[in-house]
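Before any questions on how it binds or moves, here is one chain, the form predicted on its own, in structure tokens.
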């Protein structure tokens, strides 16, 4: 049970810490950071991430940008769709859109985003937090490992998804300050925490499906 005066960023992190590890421990992610996958196997992950970020960033632009609480979370430097498209063009060439074939797990994830993120500000923040704070934290390690293991150059081609205009710490500090300042009561905080847990499960299911598709042995 959270303390009444506990900062929401700390409460959220503590309440979802175990869920956070589910994706990182999947057979696919273990193989990726362990250098057991090639460029083609990594590119399929990028192709699955694109519809997720496309849906989330459309929710931000079309519905949440004007919301007084949710809007400030969606600052432009965090947007990943353009970076994903640059990476897809790197791996697949100009016809990369033809390679976008969402798995059943990815479709379920996007369905949940459409259900939640266009109408519920707290739910939008829950999914936004799960994706972008992950990209700014563990995603930075993953990006470095992908660059190293796949023999990619220092120019960022192929891993632009993990590159942000500024330093990750500055973005994370700003984001946590917004979480702590948001005017959510205890019931809404619990509801948001539950949705973050759902987001982690949906995210993990995407990489689990990739592991099965590529027949990667369990980690």
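The model shown is predicted, which means the values in this text are computed figures rather than measured ones. Positions refer to the first chain, counted from 1.
Omitted from view is the form predicted in complex with protoporphyrin IX containing FE, to which the following refers.
Contact with protoporphyrin IX containing FE in the predicted complex holds for none of 39, 90 and 160, as no heavy atom of theirs lies within 4.5 Å. For the options 78, 133, 84, 105, the residue carrying a heavy atom within 4.5 angstroms of protoporphyrin IX containing FE in the predicted complex is 133. This chain is displayed without protoporphyrin IX containing FE, yet in the predicted complex the stretch 140 to 148 from 140 to 148, 112 to 120, 94 to 102, 68 to 76 comes within 4.5 Å of it by heavy atoms. Of the heavy atoms in residue 197, none are within 4.5 Å of protoporphyrin IX containing FE in the predicted complex. Protoporphyrin IX containing FE in the predicted complex is approached by residue 29, whose closest heavy atom lies within 4.5 angstroms of it. With a 4.5 Å cutoff on heavy atoms, residue 50 does not count as touching protoporphyrin IX containing FE in the predicted complex; it lies far away. Although the partner is absent from this view, residue 205 stays clear of protoporphyrin IX containing FE in the predicted complex, with no non-hydrogen atom inside 4.5 angstroms.
Contacts to protoporphyrin IX containing FE in the predicted complex (heavy atom within 4.5 Å) from stretch 163 to 200: 172, 176, 200.
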